[in-house]
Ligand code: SD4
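Let's start with one chain on its own, the form predicted alone, as structure tokens.
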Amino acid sequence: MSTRRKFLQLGTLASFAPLSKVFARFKSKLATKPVVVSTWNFGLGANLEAWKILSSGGRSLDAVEAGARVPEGDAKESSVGLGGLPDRDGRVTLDACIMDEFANCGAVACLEHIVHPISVARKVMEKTPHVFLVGDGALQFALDNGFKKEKLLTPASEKAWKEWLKTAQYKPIANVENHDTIGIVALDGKQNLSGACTTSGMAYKMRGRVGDSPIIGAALFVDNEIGAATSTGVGEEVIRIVGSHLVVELMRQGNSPQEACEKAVARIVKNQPVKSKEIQVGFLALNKDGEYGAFALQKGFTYAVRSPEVENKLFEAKSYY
């Protein structure tokens, strides 16, 4: 009799187990609060703008676009948008991509004369059957959609370029000439994720060079069931491992955002054991529960966090070397 009673009790508990898991997931969703994370020091300003939208119940897509536009429009920032350092021919070309919670995405590359490529990328996503527009086609699309043609090469950037021409040596300095990207990912109050990435690319690059920044899956990837990730640094190495997609897939396998970023960086080291000691690559990730993590090859990679608990604070990521 005692054995039968225990058997019935265990059966009753087992029947409630699936319900308890559902309740736990539901409780987790209720507890989720908005959070936005961005790469580098200029992520602080980007987060402030994004937080205006997130804190008022807005959509994460609107937040990441608004955040990315801040460094794009700052003429003092030499690695994003207006004021970006040019290619070796003196032409400022911009790359950007954006992705929302529905896996919609848009991108532009080698775009000249437009201050806010991230907004052009969103137009590509929302108004065309395509994902990616480049060069003159991207510029024509931007002009047709009301964007203003402007000069992007500022006096300061032009002076730096002319100084570089004296030697014309191309060896980017880690954390100086290749922290060339703002990547920003956000989770809104409805627990939806979006991300954006925008850059003027490597300083003094070959004309036509495109790094990882406008490539969905490389510099940016969003899976609304799992999380989002973005990257910064030498884009060629991020492309080789499809870095941001890799980070998200690692989170899908049960890794935390921090663990996923660390494993992605380790993949680069494995692929490029010599080169990895001289360059910088960093990853930043955010999962569906609002947990975030970051990791880089070298010391010096900073990222900004804004949430109800974190008052827009800058952190330095841990590094492999």
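Small disclaimer: the values here were computed from a predicted structure and weren't measured. Note that residue numbering follows the sequence shown and begins at 1.
Absent from the display: the form predicted together with the ligand. The rest refers to it.
Under a 4.5 angstroms heavy atom criterion, identify the one residue in G84, G227, P71, G233 near the ligand in the predicted bound form.
By the 4.5 Å heavy-atom cutoff, the listed residue in contact is G233.
Based on heavy atom distances of 4.5 Å or less, which listed stretch (198-206, 242-250, 114-122, 161-169) is in contact with the ligand in the predicted bound form?
In short, 198-206.
Does D188 reach the ligand in the predicted bound form, with heavy atoms at most 4.5 Å apart?
Looking in the predicted bound form, residue contacts with the ligand do not include D188, since no heavy atom lies within 4.5 Å.
Residue-level question: is W40 within 4.5 Å of the ligand in the predicted bound form, judged on heavy atoms?
Flag for W40 set to yes.
Considering only heavy atoms, tell me if S213 and the ligand come within 4.5 Å of each other in the predicted bound form.
Close contact exists here: in the predicted bound form, S213 approaches the ligand to within 4.5 Å, heavy atoms only.
If we define contact as a non-hydrogen atom of the residue within 4.5 angstroms of the partner, is S194 a contact of the ligand in the predicted bound form?
No, no contact at 4.5 Å.
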